[in-house]
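Below, in structure tokens: the form predicted alone, a single chain.
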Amino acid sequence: MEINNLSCEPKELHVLAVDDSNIDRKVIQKLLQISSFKVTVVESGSRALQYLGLDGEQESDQFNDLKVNLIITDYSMPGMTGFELLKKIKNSSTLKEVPVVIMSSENSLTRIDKCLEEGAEEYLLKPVKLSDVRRLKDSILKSGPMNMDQIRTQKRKHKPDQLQILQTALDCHDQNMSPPTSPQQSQTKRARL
């Protein structure tokens, strides 16, 4: 089991990064370190559960000593997928408030929706960039555990508009029109047709 725990200053945020690809693990680890995160990397969902103390029938008190502020996981992994790991974490009484970010090279709206509905904080497309990691850090620092539900609610409120804009853009592409920039413009253009 590869667990690479890097010691940093005590006030730094601790991230558990999960990815089956050695190269991707090293990249995300380096991006997190550059952004001043304390990083622990593991190579599978089952290793992540072991590290978090969720691998047995009952949850472990080990988590209280770990203080993980964020879990970032690849979606597609052999054995347990990142989505399955997300569900186990969100069903845990001790870990359900810890933000989970899903990474994937596939930009599937169905997959993104499924992950966000199950409680993922964010869905990042690979390759993950330094700006993505810094945005995550800012989000964690601004929102304590009490504010996470408010953030998720706000994200879900905005999602239908974004999906409507995307659908309208696809419709416009099919009709060789330029896409509108807002849902209101979308309705105006459809009314003209």
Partner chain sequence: MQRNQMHRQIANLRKSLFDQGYLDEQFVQLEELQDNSNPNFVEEVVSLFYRDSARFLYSIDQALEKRPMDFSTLDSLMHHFKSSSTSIGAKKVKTECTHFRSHCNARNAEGCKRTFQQVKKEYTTLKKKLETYFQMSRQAGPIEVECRPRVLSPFQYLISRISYLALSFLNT
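Computed from a predicted model, the values in this text were never measured in an experiment. Numbering follows the first chain given and starts at 1.
In what follows, reference is made to the form predicted in complex with its partner chain, a form of this protein that is not presented.
With respect to its partner chain in the predicted bound form, the three residues Thr94, Val98 and Ile140 uniformly fall beyond 4.5 angstroms at the level of their nearest heavy atom. Contact annotation for Lys129: at least one heavy atom lies within 4.5 Å of its partner chain in the predicted bound form. The shortest heavy atom separation between Ser105 and its partner chain in the predicted bound form is within 4.5 Å.
The closest heavy atom approach of Lys30 to its partner chain in the predicted bound form falls within 4.5 Å.
Although the partner is absent here, Thr81 lies well away from its partner chain in the predicted bound form, with no heavy atom inside 4.5 Å.
Residues from 13 to 33 that approach its partner chain in the predicted bound form with a non-hydrogen atom closer than or equal to 4.5 Å are Asp20, Ser21, Asn22, Ile23, Asp24, Lys26, Val27, Lys30, Leu31, in the order they occur in the chain.
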